[in-house]
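What follows is a single chain, given as structure tokens, in the form predicted alone.
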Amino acid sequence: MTSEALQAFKILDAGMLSLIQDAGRFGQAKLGLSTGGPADEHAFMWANKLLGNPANSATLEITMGGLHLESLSDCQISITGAHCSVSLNNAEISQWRSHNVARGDKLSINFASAGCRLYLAVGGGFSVTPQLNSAATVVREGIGGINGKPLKANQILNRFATQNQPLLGLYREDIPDYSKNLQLRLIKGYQYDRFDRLQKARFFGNRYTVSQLADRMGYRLTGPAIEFPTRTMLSEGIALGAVQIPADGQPIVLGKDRQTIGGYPKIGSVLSLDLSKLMQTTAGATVEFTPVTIEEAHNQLHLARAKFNNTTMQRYTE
């Protein structure tokens, strides 16, 4: 890959919410800035790997679909994440594999049927001027991407020049199935022991439903209320996936665009592998929590990384 930037696409319709995302903006919490980055890390990582891109290459995160583009140069693309109908010049193409695209081609990503977030990567990665070492868009903070805002019609997207790679794709058994019924592994936090036995049994023994208040900042759940002995706490830093228990007792699972500090009690944090799955759900999905130790969580992360690195991909000729 070179540093030369080429025109990649003209946006014909930006859909409901399309954002430029790389892996995230790390080390800036002291400035009150969220990490941002892909809501579904797994789909984001595969979008880049299928093209041989560097792992931190900027992609498009498309919520629910509705994105329509015109290609401005010959390139390669991959589309991962939520299941939907994708067409190139009105002919349907597959997700979870790379494709050749010619100048003038029209790409349409229609509305998702399972999951809610898709990732479009281009060979070489999208070329965006980084802010504080990242192109990740956080709309609430007005930073990253193009002017810190969602993409809109008639904008031009650039990419880094790169050589074409072999066309690759995942085998069917390796493509995620975005379920509406999730088991979320929870790493117990340091405030966990301040919840009494009844509250912990209630939290782990019941099913919660994803509410309408679910976005990149966090997912508010509805179900049996969880009580905490005190509501007066000092604000402190908040980890990715932290499960806050606000005054009404309805858990909130915090995502990539979370605030950097908060004063609600936290029963623990959802394992990042499972947070990616949660962020693919919409209102009405159900979740249950299972406690895991930090050692078990580290082990699961190592196993997932090994699987990602060693998954065999199939080759295509066209």
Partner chain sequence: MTNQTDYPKIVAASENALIVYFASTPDKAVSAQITAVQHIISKELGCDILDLVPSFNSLLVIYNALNTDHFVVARVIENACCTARQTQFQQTQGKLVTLPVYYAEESGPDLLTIANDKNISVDEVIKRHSAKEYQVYSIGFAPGFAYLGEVDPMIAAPRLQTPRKKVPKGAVAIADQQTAVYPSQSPGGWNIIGLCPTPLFDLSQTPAMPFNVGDRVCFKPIDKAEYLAQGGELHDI
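None of these values were measured; they are calculated from a predicted model. Numbering follows the first chain given and starts at 1.
Same protein, other form: the form predicted together with the partner chain, not shown, and the subject of what follows.
- Contact check for E141: a heavy atom falls within 4.5 Å of the partner chain in the predicted complex.
- Taking non-hydrogen atoms only, G27 approaches the partner chain to within 4.5 angstroms in the predicted complex.
- Proximity of S127 to the partner chain in the predicted complex falls outside the 4.5 Å heavy atom cutoff.
- Among residues of the shown chain, S272 is one whose heavy atoms approach the partner chain to within 4.5 Å in the predicted complex.
- Only one segment in the set 85 to 93, 152 to 160, 127 to 135, 104 to 112 has any non-hydrogen atom within 4.5 angstroms of the partner chain in the predicted complex, and it is 127 to 135.
- Only one of A285, I252, L33, M64 comes within 4.5 Å of the partner chain in the predicted complex through a heavy atom, and that residue is L33.
- With the partner omitted from this view, the residue of R207, R202, K188, K180 that lies near the partner chain in the predicted complex is K188 [heavy atom within 4.5 Å].
- Along 276 to 303, residues I294, E295, A297, H298, L301, H302 each place a heavy atom within 4.5 Å of the partner chain in the predicted complex.
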